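Shown below, as structure tokens, is a lone chain in the form predicted alone; questions about how it binds or moves come after it.
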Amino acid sequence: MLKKSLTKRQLGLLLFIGGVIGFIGIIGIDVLDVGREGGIGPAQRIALGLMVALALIGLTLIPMKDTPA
């Protein structure tokens, strides 16, 4: 069996990619739902903020060495 743990760099990449994909997904939902009026609501703003925070946390972990997370 492989017992390789997740490194901080890998965790950073996963968080960054997840944040970016989540942000694009939330914006995409708003763009594709053209029949609805009202724009981006409060729940979407909170979700967008969380996705940005997730991506920023991921960016801070990427430059760290390959030590186990």
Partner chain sequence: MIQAAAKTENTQSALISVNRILMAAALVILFFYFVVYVVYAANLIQFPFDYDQGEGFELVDTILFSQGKWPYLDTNVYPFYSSNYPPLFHVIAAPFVWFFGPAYWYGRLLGFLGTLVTAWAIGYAVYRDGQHKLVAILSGLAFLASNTVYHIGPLFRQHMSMVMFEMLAVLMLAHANEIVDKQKRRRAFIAGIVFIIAAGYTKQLAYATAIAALAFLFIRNPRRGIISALILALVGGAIFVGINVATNGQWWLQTVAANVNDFYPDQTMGLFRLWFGLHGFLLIPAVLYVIYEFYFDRLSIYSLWFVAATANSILSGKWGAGDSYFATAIAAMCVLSGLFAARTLTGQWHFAPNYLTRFLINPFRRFAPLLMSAGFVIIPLLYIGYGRAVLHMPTTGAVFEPLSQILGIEANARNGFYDSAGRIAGGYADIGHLTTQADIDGGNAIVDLVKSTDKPVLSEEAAFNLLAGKEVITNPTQLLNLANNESYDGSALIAMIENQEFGLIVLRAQFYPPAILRAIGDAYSHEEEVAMNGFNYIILRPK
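None of the values given here were measured: they were computed from a predicted structure. Positions refer to the first chain, counted from 1.
This next part talks about the form predicted together with the partner chain, which is not shown.
Student: Though only this chain appears here, would Leu32 touch the partner chain in the predicted complex if you measure heavy atom gaps against 4.5 Å?
Tutor: Leu32 lies outside the contact set for the partner chain.
Student: Find out whether any non-hydrogen atom of Ile24 is located within 4.5 angstroms of the partner chain in the predicted complex, and reply yes or no.
Tutor: Answer no; every heavy atom of Ile24 is more than 4.5 Å from the partner chain in the predicted complex.
Student: Flag Leu14 as yes or no: does it have a non-hydrogen atom within 4.5 angstroms of any non-hydrogen atom of the partner chain in the predicted complex?
Tutor: Output for Leu14 is yes: heavy atoms within 4.5 Å of the partner chain.
Student: Would you classify Leu48 as touching the partner chain in the predicted complex, given a 4.5 Å non-hydrogen atom cut-off?
Tutor: It does not: once the partner chain is placed as it appears in the predicted complex, Leu48 has no heavy atom within 4.5 Å of it.
Student: What are the residues of 50-66, in order along the chain, with a heavy atom within 4.5 Å of the partner chain in the predicted complex?
Tutor: Residues within 4.5 Å: Leu50, Ile57, Thr60, Leu61, Pro63, Met64.
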